[in-house]
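Below you'll find only one chain, the form predicted alone, shown as structure tokens.
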């Protein structure tokens, strides 16, 4: 038997090869909220950003008796100090978001056992944004990331309009939440930017929305169009959002042969006092995804759902439509037990034809922990599945393990972009 072929007789070597391959394979992180350096303050990094991220803010208010109003009067350093004291010192940092902070710091070579927040701040203070990006991406073994780019954002839009030259490690995705979820509030902005639209979405207005989307896809060289949607999202229906999707978004996506990505299940402002930390989750319907895939077979769709309850049906729908790519375990699903459950289910129903994870990182350093934790889970699942294969008498080669791993960690995404329907 060739050296790089694995059977039931050399299963230990098989498991070592799987773990090593998943650990060392470079990743394309297909959905993040990170930014290249020219976007300035939109690029978040550092220990204070890690500590004051909304994941930890929500946990903080469960463990602290500090009034919300008092917390929000603190500056970022003060909020970070409060969260560090309550979640890391006064109790053990057992939650995934807290553990993630420690994983990130440890990956950067900082001594988490010292519990020295001042020392961590000093380390970051000596780094430039460009240098930190290089360090983080290299340490996390990310070959590229896809940003989330919103032309309605007054901080971001000027960077594009002034001729952002790009960074080969940072790709763009055109985010259109304001357009689809708040047409009443966004059509006035399009008018101010020179697009002849109206509130009623007349034929001329729909053509102008298509022109707007086409302009920004070209300007950003966007890899896909993306939107976050509430649990009650439904198609077909008589609404501005439905009209915009079917009459504007899908034609533009089809013209450019790029996917339309839907992230479904966010309940905004469940507890407004927590601000960004106050959003919740709701179970959505897969009916609109099935409708879109069946009605528009020449369009490509990427989908992830926020509710655990939607995951099995999403896999079943994906089995029926090759123009649908399920991806990631985001936000409230970014917990090891759920990532493992979802990854196993997807492998069992879809084989290696999906994207098991994306970081959704808003703070640069978060990719260090999200990918370190997810790689271990993905490797564990693949070890079990390859073990099952060799137990049948099938043989597995090192080249096959590499092929499958590269597909899961980015290759499927790039092939989906190139897919012609």
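Quantities reported herein were computed from a predicted structural model and do not represent experimental measurements. Residue numbers count along the first chain shown, from 1.
Keep in mind that the form predicted together with a small molecule is not shown, yet the notes after this line are about it.
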Proximity to the small molecule in the predicted bound form (heavy atom, within 4.5 Å), stretch among 47-55, 390-398, 376-384, 348-356: 47-55
Contact label in the predicted bound form: residue 268 to the small molecule, heavy atom within 4.5 Å: yes
Distance check, residue 175 to the small molecule in the predicted bound form, heavy atom within 4.5 Å: yes
4.5 angstroms heavy atom contact with the small molecule in the predicted bound form for residue 263: yes
Exercise: residue 321 in contact with the small molecule in the predicted bound form, heavy atom 4.5 Å: no
Residue (of 152, 124, 71, 330) lying close to the small molecule in the predicted bound form, criterion heavy atoms within 4.5 Å: 330
Selected contact from 228, 310, 303, 343, since only one has a non-hydrogen atom within 4.5 angstroms of the small molecule in the predicted bound form: 228
